[in-house]
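We begin with a single chain expressed as structure tokens, specifically the form predicted on its own.
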């Protein structure tokens, strides 16, 4: 498949999620509706997996070079997190946020399609390229879910409806996301050594990746100091903005125009 087929695949995925979400209402009282609902929800994500796999084959390279390609991976990962959270914590609302955010990213890609280009610059022809980018994208998806959960918990606290289960969920999502951020930094350093001869050069993208890692290290420090979990929910919500700067914002900085990461623009 190519970007030509992408809008129809994205529309089909969103349609499956929408229909499956609508069926969640009668699914609370009917096992049959519940089965149909989850079949549609999972099918929407499987359509994106199918497109990614087909696109990878058509490109003859990992579809991870451009921002549009990384958005597609992110849009595929984040609904899965919502489904797993519901299975693990029995918290239903998060999956709707995850599917909604995925739909937004799919819409952005549909409005700004990538050029179908098989070329892969030599620096990206490394064994560390795929692990580095994929691990980071999964981390970003986990930390996005943690952030929205944290902000949701903040609103509940304002209404005196504190949810300890929700606070536990946001914490473990942030913890797993931080672990993957750490692996992403390590894989990136190994890749940089192989591609450019240095583990670290304080490139703008590298610097902001380190800042985002420090932001979540600060969260773990506050947890170790037994900070009130209700205050930590604010932290998780705000920390995610640092990740957004790292992922998108850095590309617009004047200092990033000569970045070795400019291939992702």
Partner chain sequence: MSVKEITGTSGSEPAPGFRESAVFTLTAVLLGLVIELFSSGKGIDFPGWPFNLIFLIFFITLIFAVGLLFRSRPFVAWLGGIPLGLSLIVGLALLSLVGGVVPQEPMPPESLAAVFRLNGMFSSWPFALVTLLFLFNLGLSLVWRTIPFRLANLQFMLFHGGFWIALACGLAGATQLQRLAVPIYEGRESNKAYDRKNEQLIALPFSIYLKDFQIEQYVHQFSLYDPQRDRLVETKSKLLPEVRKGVKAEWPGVGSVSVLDYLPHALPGADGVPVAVEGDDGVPFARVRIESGGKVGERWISSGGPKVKPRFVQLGDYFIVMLEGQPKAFRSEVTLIADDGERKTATLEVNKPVDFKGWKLYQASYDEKAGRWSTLSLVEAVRDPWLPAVYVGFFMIMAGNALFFWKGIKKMEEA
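For clarity, every value in this text was computed on a predicted model and none was experimentally measured. Positions refer to the first chain, counted from 1.
Unshown form predicted in complex with its partner chain; subsequent notes refer to it.
Interface residue among 238, 214, 53, 35, judged by heavy atoms within 4.5 Å of its partner chain in the model of the complex: 214. Here the marked residues 118, 126 and 175 all reach its partner chain in the model of the complex, each with a heavy atom within 4.5 angstroms.
Contact with its partner chain in the model of the complex, judged as any non-hydrogen atom within 4.5 angstroms, is confined among 100-108, 86-94, 70-78, 146-154 to 86-94. A residue is said to contact a partner when one of its heavy atoms sits within 4.5 Å of a partner heavy atom; residue 201 meets this definition for its partner chain in the model of the complex. In the model of the complex, its partner chain sits beyond 4.5 Å of every heavy atom of residue 163. Contact annotation: residue 234 falls outside 4.5 Å of its partner chain in the model of the complex, judged by heavy atom distances. Shown alone here, residue 40 lies farther than 4.5 Å from its partner chain in the model of the complex, counting heavy atoms only. Contacts of stretch 168-187 with its partner chain in the model of the complex, defined by any heavy atom lying within 4.5 Å, are made by 168, 172, 175, 176, 178, 179, 182, 183, 186, 187, listed in sequence order.
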